[in-house]
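One chain comes next, on its own, written as structure tokens: the form predicted alone.
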């Protein structure tokens, strides 16, 4: 193998694949990166056996070849190099790196024991803008909760129909649903459950990149393949993940069909007062929300034996009746932090029904939070 590539481009690729290799602890071989030199391309590969990442870039290839290198050593060394051409070649199983006045030899390994990332056979697929995908995932990826009893709620549910993709997550106490518009209709309906870890890695890797992602789904795995645009033949990044086996709960049943009371609030003020109430939230993080149409606002109340009590009032536009409902303040904070619009709509329908948070002028996202039932 003999190949040349600019230092900042190589650094970018190593940083992408090292996200997986650096976290692997079960097998020593998983702490390595597989480097492959093809004609005009370099390919970096890492896996933790649940997620596999492949990164490509144009390069000057004089001789094709491959080697496995410890990711931590390669990453640390590349960061010290100047932003100039890096030449990499092999001496048996060692990687020789030459850049400006820097020359080093990194002990490598053969590729025999490096795990193979399986190819995903295309059963169903769709195209989506990378920024739209990452924005949607970022709004729901923190919600799932790991559960051995109910593994299906440990991930993010994807459902594509016609020209819309829904990404949904729940932990049984709250739920987020984001609807993403697609430029093209899917040829057939598509649904699967993506592990939470993979969802977060996709946001972390693709979140700052512009491009088109082709999502390819098979019964056991899913591939997220990013290209510069839909006409490109060479991918920039491929992320392969297993899918969670099981049937996702019929979450639409818990979405209220109508609201008894609808409240429009300033999001920042509502969020700030809820955070203030947390000082007095007690062991169960309870926050009482009193809807008062007569006073045209919400009254918030929390109390703790150890710290005292909290009372506040927030002006609001209210349509509906007087209500008093208790929520876990942490769940309200999470929902309001996800929503970025200046105003939010807060819908309630009695003390035993879930509350719903939505952006005031958008219809593509909702956040549901279950109430704390009074004794």
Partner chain sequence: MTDEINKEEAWESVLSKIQLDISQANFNTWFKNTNISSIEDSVVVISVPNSFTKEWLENKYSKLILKNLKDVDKNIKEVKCIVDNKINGSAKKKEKNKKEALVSENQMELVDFSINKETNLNPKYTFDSFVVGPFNELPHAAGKAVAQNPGSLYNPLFIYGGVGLGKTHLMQAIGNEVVNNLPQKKVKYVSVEKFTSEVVSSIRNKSMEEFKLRYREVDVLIIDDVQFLSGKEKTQEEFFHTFNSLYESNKQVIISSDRPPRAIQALAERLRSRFEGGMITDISQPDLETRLAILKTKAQEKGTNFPEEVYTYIATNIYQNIRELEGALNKLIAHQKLGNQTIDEDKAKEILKKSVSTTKVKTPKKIIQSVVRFYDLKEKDLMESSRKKEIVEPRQVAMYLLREDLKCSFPFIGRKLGGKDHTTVMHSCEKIKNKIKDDENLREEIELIRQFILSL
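Just so you know, these numbers come straight off a predicted model, no measurement behind them. Numbering follows the first chain given and starts at 1.
What comes next is about the form predicted in complex with its partner chain, which does not appear here.
Among 174, 166, 288, 267, the residue placing a heavy atom within 4.5 Å of its partner chain in the predicted complex is 174. A single residue from the set 251, 102, 77, 109 has any heavy atom within 4.5 angstroms of its partner chain in the predicted complex; that residue is 251. Remark: of stretches 252-260, 293-301, 89-97, 181-189, the one touching its partner chain in the predicted complex is 252-260 (heavy atom within 4.5 Å). At the 4.5 Å threshold, heavy atoms of residue 305 stay clear of its partner chain in the predicted complex, well away from it. Within 4.5 Å of any heavy atom of its partner chain in the predicted complex lies no heavy atom of residue 273. Its partner chain is not drawn, but in the predicted complex it has no heavy atom within 4.5 Å of residue 136.
Among heavy atoms of residue 344, none comes within 4.5 Å of its partner chain in the predicted complex.
Residues 47, 49, 50, 51, 52 of 36-61 are found to place at least one heavy atom within 4.5 Å of its partner chain in the predicted complex.
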